[in-house]
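Encoded as structure tokens, the following chain is the form predicted alone, with no partner shown.
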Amino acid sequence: MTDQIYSLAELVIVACAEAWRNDGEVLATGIGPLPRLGAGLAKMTFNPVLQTTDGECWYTSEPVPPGKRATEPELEGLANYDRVFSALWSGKRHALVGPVQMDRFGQANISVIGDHDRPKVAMLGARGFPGNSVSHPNSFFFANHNTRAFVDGEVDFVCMAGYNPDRYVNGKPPEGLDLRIIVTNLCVMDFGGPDRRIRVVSLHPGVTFEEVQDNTGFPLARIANAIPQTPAPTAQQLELIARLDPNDMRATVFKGDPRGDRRAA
């Protein structure tokens, strides 16, 4: 732990990194600045065999900083579509993605808000979510933990398979379905509750379980009566994050770049 001041973004980066702790040699894909930096931090600390491409067509020795770069990265090999999709389809990839909606089953939506035929908002479309969800592990990041993101009922359009028995083919979940952790601006959750129910496994400093539940559209489980606090970044981790993000892209994710420990505000 550290008594240094750290931002919410830096707290989230450290929490995201934990997604890849026990993965070994897989392709780490973090969508968005904080998940991407989390993957880089994991590679630079406890899982050096992670493969990273960071949107490049190459595998690189060290994670590539987001934004403008001062030097070109050291290249280790070609990361063309064939190699990336071979890793993806074989289960040798762990993506940490940022959906717009998620429901109690872990079903995720990045396509439309409202009815699909007459949507209120049209977004990306399902893109790779259907295949990714049944091919390799997936984790998630939500910058705004609220009832518009974590919805009652089902998501408006199911783009990613989840633990919903009513949608299983032949009564069995897809063989490759493996949903891991959810990192938000309030807490860290997983799918370890009864019947794969989403549960809170740590609360960010100064956040209560009641606040998390009030901002979620379905009942949450909890890992224990006394839910642990999300670990603060260490001094070493903060140094590495600064090295991985020299352009300070992390400061742009949350409005006002707030502190990670509300009690220190």
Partner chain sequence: MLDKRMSAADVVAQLQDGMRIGIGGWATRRKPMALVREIVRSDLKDLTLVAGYGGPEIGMLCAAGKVKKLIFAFATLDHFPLEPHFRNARQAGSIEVWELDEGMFHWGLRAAAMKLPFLPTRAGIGTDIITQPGFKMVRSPFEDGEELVAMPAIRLDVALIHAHRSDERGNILTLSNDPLFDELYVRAAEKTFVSVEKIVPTAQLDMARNARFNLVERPLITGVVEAPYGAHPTSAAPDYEIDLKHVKAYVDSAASDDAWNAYRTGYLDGDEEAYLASVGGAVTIAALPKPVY
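Positions refer to the first chain, counted from 1. Superpose the two forms; the largest set of C-alphas matching within 1.5 Å is the rigid core. Please read these numbers as outputs of a predicted model, since none were measured by experiment.
This protein has a second form, the form predicted together with the partner chain, left out of what is shown; the following refers to that one.
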item	value
Contact check for Arg36, Tyr81 and His116 against the partner chain in the predicted bound form, heavy atom at 4.5 Å	yes
is_contact(Gly192, the partner chain) in the predicted bound form, heavy atom dist at most 4.5 Å	no
The partner chain contact in the predicted bound form: Gln107, any heavy atom under 4.5 Å	yes
4.5 Å heavy atom contact, Gln101 and the partner chain in the predicted bound form	no
In the predicted bound form, Gly67 touching the partner chain (heavy atom, 4.5 Å)	yes
Options 208-216, 222-230, 53-61, 235-243; stretch whose heavy atom lies within 4.5 Å of the partner chain in the predicted bound form	53-61
Interface residue in the predicted bound form among Ile181, Val97, Val112, Val151, criterion: non-hydrogen atom within 4.5 angstroms of the partner chain	Val112
Residues of 149-172 having any heavy atom within 4.5 Å of the partner chain in the predicted bound form, listed in sequence order	Asp156, Phe157, Val158, Cys159, Met160, Ala161, Arg167, Tyr168, Val169
Shift of Arg83 between this form and the one not shown at or above 2 Å (CA, core fit)	yes
